[in-house]
Ligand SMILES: Cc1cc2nc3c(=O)[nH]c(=O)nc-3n(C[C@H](O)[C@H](O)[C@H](O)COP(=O)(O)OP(=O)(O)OC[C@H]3O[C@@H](n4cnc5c(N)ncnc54)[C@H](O)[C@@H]3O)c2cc1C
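As structure tokens, one chain now follows by itself in the form predicted alone.
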Amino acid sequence: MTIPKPVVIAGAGPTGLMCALALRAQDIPVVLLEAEEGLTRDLRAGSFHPPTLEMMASYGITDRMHEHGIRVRHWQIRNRPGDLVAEFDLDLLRDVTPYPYRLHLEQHRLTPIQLDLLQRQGGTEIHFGHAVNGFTQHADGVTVTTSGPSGDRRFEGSWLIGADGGRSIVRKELGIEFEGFTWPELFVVVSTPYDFGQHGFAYNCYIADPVEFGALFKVPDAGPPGLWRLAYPVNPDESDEVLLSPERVEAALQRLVPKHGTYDILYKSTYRVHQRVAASFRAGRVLLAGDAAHLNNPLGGFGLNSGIHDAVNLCDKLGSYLRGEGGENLLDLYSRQRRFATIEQVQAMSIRNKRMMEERDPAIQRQHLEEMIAVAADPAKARAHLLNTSMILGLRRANEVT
């Protein structure tokens, strides 16, 4: 296989790094460009589903993640003030995956693993502080321009992968519509070492409430006792100063689990939540992946996982094309399969999860929760539900798209 020009990747987040690793595993040269001066620290994502762990295993990532990650076999649905509604056991999937659990590990602990493996492998030019600001396509490749502390630069490549996040410059330069909407609420995410497990909370919980639904899960942090992270919606008309004030954050935690004394808060921030999908994941020699291609709310832990799924699917097909094992239609197939998975599973399930958690009509919410109780109580129904919520079923269906 002769490849005169490398594949250029915009963005050194989990998706971009996964693309680089997947291409280098096929001896395809890569140029990786990142606008920031180093790896970024994201305090939101951190839950990995079984098929994602399977995909990353052959690259040596999954074993490294297990050195520090937390295995989460059970997840729960609760309502306020924290009463258990239903619990699901991922061990029901032990016959279809070697990883019948979720693995919790912060995104900012995954990316150093990916980067280390990439650097050890060699064959990748890695440029931090290089923000992609434009590109041109021509018959045999792309010319990518960047700006940064080292000045303006140009890079020649055979293909360009835009993995540069929700505000993707690559997507905007292509003029591809980012279809969907932004939820009206802001979300607050707070982290505390307080052990909610002593109150029966599983390491992954979804909280149903018409006013303040949310998600609670435990991450390893730098080591024991780890951190519990709570995300909940707030009024977008109020300032961050008010929303993140000690009094407001304390009140939110006390409403979840009242306790004597105040909670120790280590991190807190606000963020917007979007439900958007690019109209296409391909335009000529430019391809989109991860948040550059789709965004969703955090209920279900689908965003980071689907970005990894994009990367593996894309790079398998791009590698096949570059080896002469198929035509450019392989890249169109990537776009169809991953848009299908995003729309039919990730978007649909995350929207349904949010609407169930926030349902304001008591009768309708009670009906939803009673349905979840019935599903959890029936092993066959629970298994079917877990195949869906763990992303296994959605991947199977997407891979059948032709």
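For every residue, the number given is its place in the sequence shown, counted from 1. Computed from a predicted structure; not experimentally measured.
This protein has a second form, the form predicted in complex with the ligand, left out of what is shown; the following refers to that one.
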In this chain shown alone, the residue from Ala252, Ile126, Val85, Ala131 with a heavy atom within 4.5 Å of the ligand in the model of the complex is Ala131
The ligand in the model of the complex has a heavy atom of only one listed residue within 4.5 Å, and of Leu243, Val189, Val257, Leu92 that residue is Val189
* Flag Leu33 as yes or no: does it have a non-hydrogen atom within 4.5 angstroms of any non-hydrogen atom of the ligand in the model of the complex? => yes
Contact label in the model of the complex: Ala278 to the ligand, heavy atom within 4.5 Å
no
Examine Ser390 and determine whether its closest non-hydrogen atom to the ligand in the model of the complex is within 4.5 angstroms.
-> no
With heavy atoms only and a cut-off of 4.5 Å, decide whether Thr40 touches the ligand in the model of the complex. yes
TL;DR on 172-180, 191-199, 284-292, 116-124: the one with heavy atoms within 4.5 Å of the ligand in the model of the complex is 284-292
Looking in the model of the complex, the residues of 304-318 with a heavy atom no more than 4.5 Å from the ligand, listed in order, are Leu304, Asn305
